[in-house]
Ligand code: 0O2
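Let's start with one chain on its own, the form predicted alone, as structure tokens.
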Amino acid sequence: MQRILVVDDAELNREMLAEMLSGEYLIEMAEDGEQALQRLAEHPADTVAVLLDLQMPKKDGISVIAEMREGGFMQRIPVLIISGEQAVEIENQCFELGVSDFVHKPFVGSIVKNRIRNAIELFAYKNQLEQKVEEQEETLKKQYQIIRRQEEKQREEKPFNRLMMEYRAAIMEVETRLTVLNAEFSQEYNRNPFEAIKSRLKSPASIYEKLGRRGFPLTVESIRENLTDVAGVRVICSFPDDIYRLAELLVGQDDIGLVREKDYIKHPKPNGYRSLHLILSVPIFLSREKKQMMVEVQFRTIAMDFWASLEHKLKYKKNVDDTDEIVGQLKSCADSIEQLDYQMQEIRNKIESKTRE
């Protein structure tokens, strides 16, 4: 049952009101203001109305209302004043303090019940409206935040997407240069210096993870300034000397700059990895400007590319047994591949020498 707190220093008034209301409500009683606040603190959730006398010892009704306002009770619990006075100024003062209604003496049961019921229903309706308004405000706030995040994301994505477009253009530029060289070799020497070209653009997740791991700002300018491997081109050659010949011709072009070189063919990694890595500054020609972009170009033989693919799978594979043994086998294979590459190159040279004779 819903709980009503009846506060009056006159026991007769308390008993009369309790008798009128006890069939519909659970009645809690207090004989002064201090006791009323104590009862209210004990049952804040299920108290649906307070019937309050104004003239009481220790703490009068006006003081109780003031403390209820301060504690937030007046916003959700209707207060009805028990009054034998009809003074307009008193009623106005009470209404200004947030009182819902008056219960006048002598009490008439039907009027008392109706006033209390109306006050409770009105407050319940008011609280529901306020809750809906709060929920709508919260929904609008979340929607606004989503819109703001989307706007910020779009502002961030536009320059990021522009930068990725520029890196893709740089990849196409390198591929075009290599394709032209391949066509020239085919015409001049009746053979092709490479078998295939593969390209890749780092994913956004990979880009930002690398920036964060290295302690760089997560911005578009930071990508341009601090990363050199966003755009990558892999050139698969048949023989080691084709690698060095192609690299020399590519770097020798007057508008391409060599930023850094790592030769893992002459100086293999401990695991046996062999490849020639070049960081190149490559021009791209846009509608309004020319830009230099960083591209990582890797040169490998066919056999070493197959080896690197298998080694990569092992590196990122989980729950692989006998890892040390497999690593050792891969190192042995890498050494054998080096010997095979140079043996095949020597055979090719002999065939070409015989052909010229």
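Numbers follow the displayed sequence, beginning with 1. Owing to the predicted nature of the structure, the values given are computational and were not obtained by experimental measurement.
What comes next is about the form predicted in complex with the ligand, which is not displayed.
**Q** Would you please decide whether Arg260 lies within 4.5 angstroms of the ligand in the predicted complex, comparing each non-hydrogen atom pair?
**A** Flag for Arg260 set to yes.
**Q** Is Lys210 one of the residues lying within 4.5 Å of the ligand in the predicted complex, judged by heavy atom distances?
**A** Answer yes; at least one heavy atom of Lys210 falls within 4.5 Å of the ligand in the predicted complex.
**Q** I'd like to check something about Gln298: if you look in the predicted complex, is any of its heavy atoms closer than or equal to 4.5 Å to a heavy atom of the ligand?
**A** Yes - in the predicted complex, heavy atoms of Gln298 and the ligand come within 4.5 Å of each other.
**Q** Heavy atom to heavy atom, is Arg115 within 4.5 Å of the ligand in the predicted complex?
**A** Looking in the predicted complex, residue contacts with the ligand do not include Arg115, since no heavy atom lies within 4.5 Å.
**Q** With the partner removed from view, which of 70 to 78, 196 to 204, 243 to 251, 115 to 123 is the stretch that lies within 4.5 Å of the ligand in the predicted complex, judged by heavy atom distances?
**A** Comparing against the ligand in the predicted complex, the contact stretch is 196 to 204.
**Q** Identify which of Phe160, Tyr264, Phe107, Phe102 has a heavy atom within 4.5 Å of the ligand in the predicted complex; exactly one of them does.
**A** Result of the distance check: Tyr264.
**Q** I need to confirm a contact call. Of Met29, Met293, Ala308, Leu54, which residue comes within 4.5 Å of the ligand in the predicted complex, counting heavy atoms only?
**A** Only one option qualifies, and that one is Ala308.
**Q** May I ask you to list the residues of 270 to 286 that have any heavy atom within 4.5 angstroms of the ligand in the predicted complex, in sequence order?
**A** Stretch hits, in order: Asn271, Tyr273, His277.
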